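Read the single chain below, which is given as structure tokens and is the form predicted on its own.
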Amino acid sequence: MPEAASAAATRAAIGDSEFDRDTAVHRRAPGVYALDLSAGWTIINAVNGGYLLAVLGRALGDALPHADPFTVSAHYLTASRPGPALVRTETVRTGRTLSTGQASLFQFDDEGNEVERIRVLASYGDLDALPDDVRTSATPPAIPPMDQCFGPEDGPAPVEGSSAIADRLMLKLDPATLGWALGQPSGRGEMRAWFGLADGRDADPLSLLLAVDALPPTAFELGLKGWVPTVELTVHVRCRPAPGPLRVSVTTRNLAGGFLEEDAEVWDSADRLVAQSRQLARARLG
């Protein structure tokens, strides 16, 4: 049984959870890190893009003089698979409040040649040093109470073999965005959910990189089937999240030419907008 599924009585701490162990990187040389991508964060056979972003985010947090991701932009070049991988980082610029770096994750083909999977450019800083002044017209998404929402355990997996990552998440979906599960997609391109890690670990900036890419794709509510591979994903982390479950809202306004965008907002238990993202993904038409 996965650790995450058996941790109902014990709340994992930040730094000592399955997510932390599965995103751990080991420095081989300055700026070079070895790791193993866990099969526990897969969708069918591919590793989830948000999990990959958290892995690269952890490596950059170690390589740069600042620890917190502020903005992370990733291009997904080839599908990652569970198993050994290598991350190479490079410091682009360091300043008093922000440092910028880039990182690439590599795996190996059958002949032992390196294959680049994902390339990231990111700026890091100190979230605790940000001013408290907030001026916003954004409002938290209206999601019913958690006991009125539904998780993966309440129905069949939307894609055969996609349950590995679901076992590691606390995901409760807004019934208003579940028409696709009943064979009646709304056509609105919306997905909303309560989100957390199944072992009870509270959110931190790294897990926010996972949260923006962890919900079922909005393409399901547009009437499409099959998974939606990410082409590019940019995340803005706005502040350190308060303890407690997150609320995630994802919308798509335009599907054209076989591609769609997903705009995500992540809100914490203190009603603060803690992360935003935009993703370009390929839609499998027909």
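From 1 onward, residues are counted along the sequence shown. Predicted model, so just to flag it, every value in this text is computed and none were measured.
Below, we turn to the form predicted in complex with a further copy of the same chain, even though it does not appear here.
Participant: Could you tell me if all three of T10, A24 and Q107 have a heavy atom no more than 4.5 Å from a further copy of the same chain in the predicted complex?
Facilitator: Verified in the predicted complex; spot residues all out of contact, no.
Participant: Which residue among A63, I43, V228, L260 has a heavy atom within 4.5 angstroms of a further copy of the same chain in the predicted complex?
Facilitator: Of the candidates A63, I43, V228, L260, L260 is the one lying within 4.5 Å of a further copy of the same chain in the predicted complex.
Participant: Counting any heavy atom within 4.5 Å as contact, can you tell me which stretch out of 175-183, 199-207, 142-150, 72-80 lines a further copy of the same chain in the predicted complex?
Facilitator: Comparing against a further copy of the same chain in the predicted complex, the contact stretch is 72-80.
Participant: I'd like to check something about V32: if you look in the predicted complex, is any of its heavy atoms closer than or equal to 4.5 Å to a heavy atom of a further copy of the same chain?
Facilitator: Taking the distances in the predicted complex, the answer for V32 is no, it never comes within 4.5 Å of a further copy of the same chain.
Participant: Whether G112 contacts a further copy of the same chain in the predicted complex should be assessed with a 4.5 Å heavy atom distance threshold; does it?
Facilitator: Although a further copy of the same chain is absent here, G112 would stay clear of it in the predicted complex, with no heavy atoms inside 4.5 Å.
Participant: Although the partner isn't part of this model, could you tell me whether E116 comes within 4.5 Å of a further copy of the same chain in the predicted complex, counting any heavy atom of the residue?
Facilitator: Yes, E116 sits close enough to a further copy of the same chain in the predicted complex that at least one of its heavy atoms falls within 4.5 Å.
Participant: Check whether R253 has any heavy atom within 4.5 Å of a heavy atom of a further copy of the same chain in the predicted complex, and answer yes or no.
Facilitator: Output for R253 is yes: heavy atoms within 4.5 Å of a further copy of the same chain.
Participant: Since the partner is left out here, which residues of 89-120 would have a heavy atom within 4.5 Å of a further copy of the same chain in the predicted complex?
Facilitator: Going through 89-120 in order - heavy atoms within 4.5 Å of a further copy of the same chain in the predicted complex - the hits are E90, V92, R93, T97, L98, T100, Q102, E116, R119, V120.
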